[in-house]
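What follows is a single chain, given as structure tokens, in the form predicted alone.
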Amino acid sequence: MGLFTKDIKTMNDLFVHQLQDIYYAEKQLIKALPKMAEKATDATLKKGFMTHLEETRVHVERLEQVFKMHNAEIKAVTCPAIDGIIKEADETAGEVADKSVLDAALINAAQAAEHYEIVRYGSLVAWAKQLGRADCAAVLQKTLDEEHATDAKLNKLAESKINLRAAS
């Protein structure tokens, strides 16, 4: 079921579809984050990726909780956006010879994923509220807050040392 198909007729259909989309995205990130950590040369960045891996596992559990709360089947639908972000990150990482520049590229890729997640979770929180599901919105808000925090940490790390090292 694509985003703009006849299968999505109601706000509830859209809400469930986006749950399935972000569920797929989070599961793909569980596979990608260890690879990103392995490629990173900066110790803080490596640790940050592994910390976010553990958070991402919790995000998957929360999504499963929301599916159950909403009486929807726990199911993923392919998310071409996250697949593209991960593919681009892999390709870029393979093209960067300078390890300090590689760390900057990895942060950029991670932030692209974070921003995608922030958009999806933001919409899901708003839609859950519109559907009268404050309970679902509260669970999703926890993840949205963590995604914002991870983005801020990545930004601080990039601006405080990674980008400076890459530019020198």
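Residue positions are given as counts along the sequence shown, with the first one as 1. Just so you know, these numbers come straight off a predicted model, no measurement behind them.
Not on display, but discussed next: the form predicted together with a further copy of the same chain.
For the candidate spot formed by K31, L45 and V58, no residue has a non-hydrogen atom within 4.5 angstroms of a further copy of the same chain in the predicted complex. In the predicted complex, a further copy of the same chain stays beyond 4.5 Å of every heavy atom belonging to F49. A residue is said to contact a partner when one of its heavy atoms sits within 4.5 Å of a partner heavy atom; D21 meets this definition for a further copy of the same chain in the predicted complex. Although the partner is absent here, A104 is a contact residue: one of its heavy atoms lies within 4.5 angstroms of a further copy of the same chain in the predicted complex.
Residue contact check for L53: none of its heavy atoms lie within 4.5 Å of a further copy of the same chain in the predicted complex. Of all the residues from 94-112, those having a non-hydrogen atom no more than 4.5 Å from a further copy of the same chain in the predicted complex are G94, E95, V96, A97, D98, V101, A104, A105, N108, A109, Q111, A112.
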